[in-house]
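Shown below, as structure tokens, is a lone chain in the form predicted on its own; questions about how it binds or moves come after it.
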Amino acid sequence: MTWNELLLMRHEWTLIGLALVLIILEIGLSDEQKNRITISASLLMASITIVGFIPAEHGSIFGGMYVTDPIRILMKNILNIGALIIFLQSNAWLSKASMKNRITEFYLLLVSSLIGVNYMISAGHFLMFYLGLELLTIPIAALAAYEQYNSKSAEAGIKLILSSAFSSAILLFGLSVLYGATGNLYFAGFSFTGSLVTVLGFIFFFSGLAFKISIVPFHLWTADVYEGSPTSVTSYLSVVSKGAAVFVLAILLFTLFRVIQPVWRDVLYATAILTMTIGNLFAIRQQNLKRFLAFSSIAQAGFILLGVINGGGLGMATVIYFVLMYVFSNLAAFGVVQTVEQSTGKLNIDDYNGFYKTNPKLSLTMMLALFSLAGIPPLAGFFGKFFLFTAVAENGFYTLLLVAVLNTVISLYYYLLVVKAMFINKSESPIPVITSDGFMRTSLLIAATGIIVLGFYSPVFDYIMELCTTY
């Protein structure tokens, strides 16, 4: 293998290097110096994110099992940005006395999961895809149960590992059916006939992957796991894990499963409607903000399917753009929730009554995030949903478009409930003034800037669209 071929895996190599540096720091630093690990991890992750945008060659190695191209590289970079923001937001939580001796483990598990994300995205073979998926999932199950003295955290870890094992079994059964029908697991040489056996294999494969994306009816684990997990882990599950699974699903549907496009379009049509509607209706009922954002993320998964159902270059471009918007918007919201939780322990919407009077900057950041998720112009979320609606209309799915617009109105209602609590509702004892650390302020600044810039700088979508012309 040549040096240039090894460099095709630069995202994975840099993350492996980060893991090795963290292990060295864990061995070399005393207990009193462990806080330096958070600074080192954040700076190294920032460097890795910047290096990822340097132009590089693309191709395949290991006999086609690992594939990289501009679209995959872009998606890895987007998810690296999300991981960097999560690294920054985790500092205050990891600085607690109960966490000081477990800082390195948190970062190692997160980096290991991110390596799995990258291998899953670059998979050119179903075996590589499955190994990447498991490497993504298993460390996150450990992280969900990271707060060892919190019963809800332990419950979240158990529920995540059990649901992941069940979904993996379903997915593997689907892959075995596909292998039995085609005799091949390489994406490049996959000979898909569209027979009933291969359709059955696809349905099992889609069902297994739908668990990772929280698509209805495979969403039941989401709210409990999001609520019980540490907020940084919840952020990772809602953004990086879900974004990677959606991207891989789109890639496979647009290439391998194009032969049975009428079948999977019908499946996505039904699941998109169910996911948007059920996610929105259950979000209205929530008082706990982590459960609220969990059902919001389920509804957003339904919106993402609108781009996937397009099946062409516009659909792929809208999926990538929406994931990019979603990274900034969701992490801004979770960043504010985590800041308040770390300072006061409060997580209910009613606790935010009068929040603007004591914490105007955090309130404005939360409002930007929620307005973007709701699709209010001129923020990034508006254009994300507008492009998704355009992708649906291009194929003449006007009934689906109408349902999506109605669900957008419903989502606007419950997002405004939080904004109303912060800016309009009065409270005799509002949340006191919160002073967040520099890491959290930096992460919220990055997220808020991304929300605004994506809304006003249209060449971003033009660039993504140019990369997706081959689909």
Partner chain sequence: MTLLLALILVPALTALAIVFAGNSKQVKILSAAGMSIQLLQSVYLLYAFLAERSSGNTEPVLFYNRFAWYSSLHISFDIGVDGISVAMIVLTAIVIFTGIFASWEVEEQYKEFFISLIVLATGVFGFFISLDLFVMFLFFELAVIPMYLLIGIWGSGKKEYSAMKLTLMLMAGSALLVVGILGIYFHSNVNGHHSFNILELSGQQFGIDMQRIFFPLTFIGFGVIGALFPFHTWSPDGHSSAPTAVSMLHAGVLMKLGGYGCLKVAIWLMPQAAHELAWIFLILTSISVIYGALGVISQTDLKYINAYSSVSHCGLVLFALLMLNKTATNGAVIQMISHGLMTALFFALIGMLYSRTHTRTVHEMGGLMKVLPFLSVCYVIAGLASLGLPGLSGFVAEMTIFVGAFQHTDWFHRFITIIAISSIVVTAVYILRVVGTLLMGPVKNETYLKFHQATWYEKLATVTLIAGIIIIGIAPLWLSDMIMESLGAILD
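Numbering follows the first chain given and starts at 1. Here the structure is a predicted model, which means the values were calculated and not measured.
One more form of this protein exists, namely the form predicted in complex with the partner chain; it is left out here, but the text below deals with it.
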- Quick one: from Val51, Ala56, Leu417, Ile434, grab the residue that has a heavy atom within 4.5 Å of the partner chain in the predicted complex. Leu417
- Task: With the partner chain left out of view, choose which of Phe282, Phe254, Tyr356, Phe204 has a non-hydrogen atom within 4.5 angstroms of it in the predicted complex.
- Result: Tyr356
- Item | Tyr186, heavy atom within 4.5 angstroms of the partner chain in the predicted complex | no
- Query: Contact between Phe322 and the partner chain in the predicted complex at 4.5 Å, heavy atoms?
  - Reply: no
- Item | Non-hydrogen atom contact Tyr66 with the partner chain in the predicted complex at 4.5 angstroms | no
- Item | Heavy atom of Tyr149 within 4.5 Å of the partner chain in the predicted complex | no
- Answer among 163 to 171, 394 to 402, 81 to 89, 288 to 296 for heavy atoms within 4.5 Å of the partner chain in the predicted complex: the stretch 394 to 402
- Residues in 358 to 394 with any heavy atom within 4.5 Å of the partner chain in the predicted complex: Met367, Phe371, Gly375, Ile376, Pro377, Pro378, Phe382, Phe383, Phe386, Phe387, Phe389, Thr390, Ala393, Glu394
